[in-house]
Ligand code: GLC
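We begin with a single chain expressed as structure tokens, specifically the form predicted alone.
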């Protein structure tokens, strides 16, 4: 009996010893807190990636549209090299933004975690936030000392909804006035819409160019951008900061009235209501107009010797001012985290890197993308790669950037604006009638 008890005691000692030495040695992570899948959202006060130093590699998938430059490839490589416990792979989405939007929605409606980080068009964050597709980022920013004030405020505001930040701005685009330096003296660049109309008319009548001004007036998203610029330059707005319909005001009527006046002037093409960016930029680089409203890409296109007839004859300035100053529609792309990602902490590390100084510098040098961190416009390496960024007119235009209406159902809002502004240009509605119709229809879709 003594031998039997001695043997049982020995076996118990061995079992206890083995249990103490195992320590989760099966390679699976353990969680002493018993927390749910959202624990990673607030873990790690030091800002280090979850799992860093434990030898495990977390796989992240980053999705965006086609990138014809090497910027995305280099961003991912630099991040992976500096974060050995995280490996980011790239998933290419459709290049068409509408198709890309629909692909995301299909995936996220199914609560899929197959992608972790995604690029969003500047008008999508509110929609994705309300739908519960993306992760709120304020907690990460506060923890890691990411200051919203360091970023272009127009870009930051485009990713805010219900007082929270849902994405980080990756690069910025904005409407600008490009002009022919051989037809317009530096000190004679129009400062107001009335000055532009006078100058455009004079240059055309004197035979300097076939037209005087080019814009995007087809019924599509580009018309919304032009409308936002005219409306804001006269002090109007479409939705206020609370998301309420605020379009029916004397200021908005004044903006729409000036847009209609310009679009129907003798110095614009008679078929301006068919012009998108392609038609307008083509006419400009063929030397048909001294002025064009377009996005920053126009600069490189106008100086492309294989396509352009106006190489080295182009200047840039902010869009003309109305009664309230100059305004330019904000474009660009944001980066957000999938709410259903299983690796939220690591996803934030990648977002923080990509939209921070180091990542934006890579994008600017290798992709020609305008930073959303104004301080980077003083970086010598960025300016050497993008001499266009040194233009005073370019930087001033960025300062006047305003976001399009921030709404969770933006496509419906956009359609209302497109239809009624198009009718005003065509003379089917007066500016007052167009604004009243927008108010009624926007109130309906916003409910």
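Positions refer to the first chain, counted from 1. Not measured: the values here are computed from a predicted model.
Just so it is clear, the following notes concern the form predicted in complex with this ligand, a form of the same protein that is not shown.
Of the candidate stretches 117-125, 103-111, 249-257, 280-288, only 117-125 contains residues with a heavy atom within 4.5 Å of this ligand in the predicted complex.
When contacts are defined as a non-hydrogen atom within 4.5 Å, none of 243, 245 and 412 contacts this ligand in the predicted complex. Think of it this way: in the predicted complex, this ligand has a heavy atom of just one of 222, 190, 367, 322 within 4.5 Å, and the residue is 222. Though this ligand is absent from this view, in the predicted complex it lies within 4.5 Å of a heavy atom of just one residue from 97, 85, 198, 153, which is 97. Contact annotation: residue 345 falls outside 4.5 Å of this ligand in the predicted complex, judged by heavy atom distances. In the predicted complex, this ligand stays beyond 4.5 Å of every heavy atom belonging to residue 234. With a 4.5 Å cutoff on heavy atoms, residue 333 counts as touching this ligand in the predicted complex. By the criterion of a heavy atom within 4.5 Å, residue 295 is counted among the residues contacting this ligand in the predicted complex. For the partner-free chain shown, just 404 of 393-428 comes within 4.5 angstroms of this ligand in the predicted complex, judged by any non-hydrogen atom.
Pairwise change in the predicted complex: residue 221 and residue 100 C-alpha atoms lie closer than in the shown form, at least 3 Å. Compared with the form shown here, the Cα atoms of residue 222 and residue 95 move at least 3 Å closer together in the predicted complex.
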